[in-house]
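Listed next as structure tokens is one chain, alone, in the form predicted alone.
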Amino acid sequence: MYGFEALTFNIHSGYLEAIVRGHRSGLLTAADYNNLCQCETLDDIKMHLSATEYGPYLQNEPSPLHTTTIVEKCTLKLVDEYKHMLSQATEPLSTFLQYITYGHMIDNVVLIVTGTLHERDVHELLEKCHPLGMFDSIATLAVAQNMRELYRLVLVDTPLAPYFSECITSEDLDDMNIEIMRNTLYKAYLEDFYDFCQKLGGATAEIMSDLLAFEADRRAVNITINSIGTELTRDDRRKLYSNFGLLYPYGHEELAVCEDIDQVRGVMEKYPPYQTIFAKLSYGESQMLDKAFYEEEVKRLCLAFEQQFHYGVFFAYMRLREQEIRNLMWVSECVAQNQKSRVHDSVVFIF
């Protein structure tokens, strides 16, 4: 019922929308990033962050600080905010908020399975998992030898269970199979999330379909570039692309046959929104592509806040805060390793 959300939206979701817009005003500004880039040590970064919303989370940390500590505490703030919003939400917003965490669950599953394959300690791996993607039986992932066992022993009771139907095979887990599993799961997850948003209708469907389509297209480009020169066949590559987005279906047909980065560029330049992204790159270069995509994503996420009475702001806020944590990690690493000349290479300004 597009256009009539204003009548009923605030009954259940008005308080939370106000909360999330308040959180959004606490995101770091360009001035904050410029100050952070001037810092000489990690303690300087902590001192600057003490004047922001991260202050209470970092104030009791002793010197010397480590980059991992800063990232951990900043992530903890995001998790606390998410849990508060989830505890206050009613249907269908609570389901929408849970959908946001499924991507982290997939990453955690892949992290633990890959780590186990390389004989890493499970406790060490659990510490590296994203707290938003944790579930009860995650520690037992280490016992699985193949996809079927992974599903039967562990994932059947998690929200990821429906997404596994496409990738249950008896093949042993190796690096190639795990990457295919990650992308198959992501494809099923994005399509499911997209369908859910379409059912919600109204402004939520309009804004989320744009954001999710961008995510699907970005994954299609990354899958294509990462599979160039591997044994992945064209048909296998095509199966990993999501069945929606600006590139679906004709762009997918062309991407599936690309054999180098310049051919990918040729396909993407036919689509005006992506033309500007690839215009920033010189020919044959893919290193800066991630940053160009992140910048475009941030622009779209900020636009989600321009409209009211929709759930897209929750997705946009979580993504913007995650980008901010990536920025802080990059700045902290550059300062810790005395590489201040590179500090602007990967920082994506949000406002």
Partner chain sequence: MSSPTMDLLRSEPMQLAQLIIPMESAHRTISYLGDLGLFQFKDLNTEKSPFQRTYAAQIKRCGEMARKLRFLKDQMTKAGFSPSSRCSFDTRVTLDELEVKLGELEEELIEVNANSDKLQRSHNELLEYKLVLQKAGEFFHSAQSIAAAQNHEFEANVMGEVSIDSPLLLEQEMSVDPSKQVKLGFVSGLVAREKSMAFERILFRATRGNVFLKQVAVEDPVIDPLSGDKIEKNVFVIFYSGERARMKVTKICDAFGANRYPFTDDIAKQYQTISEVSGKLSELKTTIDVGQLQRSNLLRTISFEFEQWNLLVKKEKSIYHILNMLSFDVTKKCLVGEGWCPISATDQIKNTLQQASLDSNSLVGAIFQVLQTEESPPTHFRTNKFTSAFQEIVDAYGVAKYQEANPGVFTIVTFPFLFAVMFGDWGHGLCLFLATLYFILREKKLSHQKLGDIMEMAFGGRYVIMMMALFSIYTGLIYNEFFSVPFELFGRSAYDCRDSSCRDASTVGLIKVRGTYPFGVDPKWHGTRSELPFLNSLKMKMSILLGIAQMNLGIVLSYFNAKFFGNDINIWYQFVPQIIFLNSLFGYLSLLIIVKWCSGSQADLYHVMIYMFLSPTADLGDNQLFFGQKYLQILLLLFALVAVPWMLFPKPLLLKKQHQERHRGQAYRPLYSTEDSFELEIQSDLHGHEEFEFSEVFVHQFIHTIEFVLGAVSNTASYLRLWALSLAHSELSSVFYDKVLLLAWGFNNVIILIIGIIVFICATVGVLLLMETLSAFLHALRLHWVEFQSKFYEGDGYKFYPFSFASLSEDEE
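Since we're looking at a predicted model, the values are computed, not measured. Residue numbers count along the first chain shown, from 1.
Beyond the structure shown, there is the form predicted together with its partner chain, which is absent from this document and is the topic of what follows.
Put simply, of R152, R234, K128, H84 only one has a heavy atom within 4.5 Å of its partner chain in the predicted complex, and it is R152.
For the options A139, V79, M176, V71, the residue carrying a heavy atom within 4.5 angstroms of its partner chain in the predicted complex is A139. Exactly one of the stretches 22 to 30, 312 to 320, 288 to 296, 54 to 62 approaches its partner chain in the predicted complex with heavy atoms within 4.5 Å, and it is 54 to 62. Although the partner is absent here, N35 lies within 4.5 Å of its partner chain in the predicted complex, judged by heavy atoms.
Though the partner is left out of this view, I325 does not reach within 4.5 Å of its partner chain in the predicted complex, counting heavy atoms only.
M47 belongs to the set of residues with a heavy atom inside 4.5 Å of its partner chain in the predicted complex. In the predicted complex, its partner chain lies within 4.5 Å of some heavy atom of V156.
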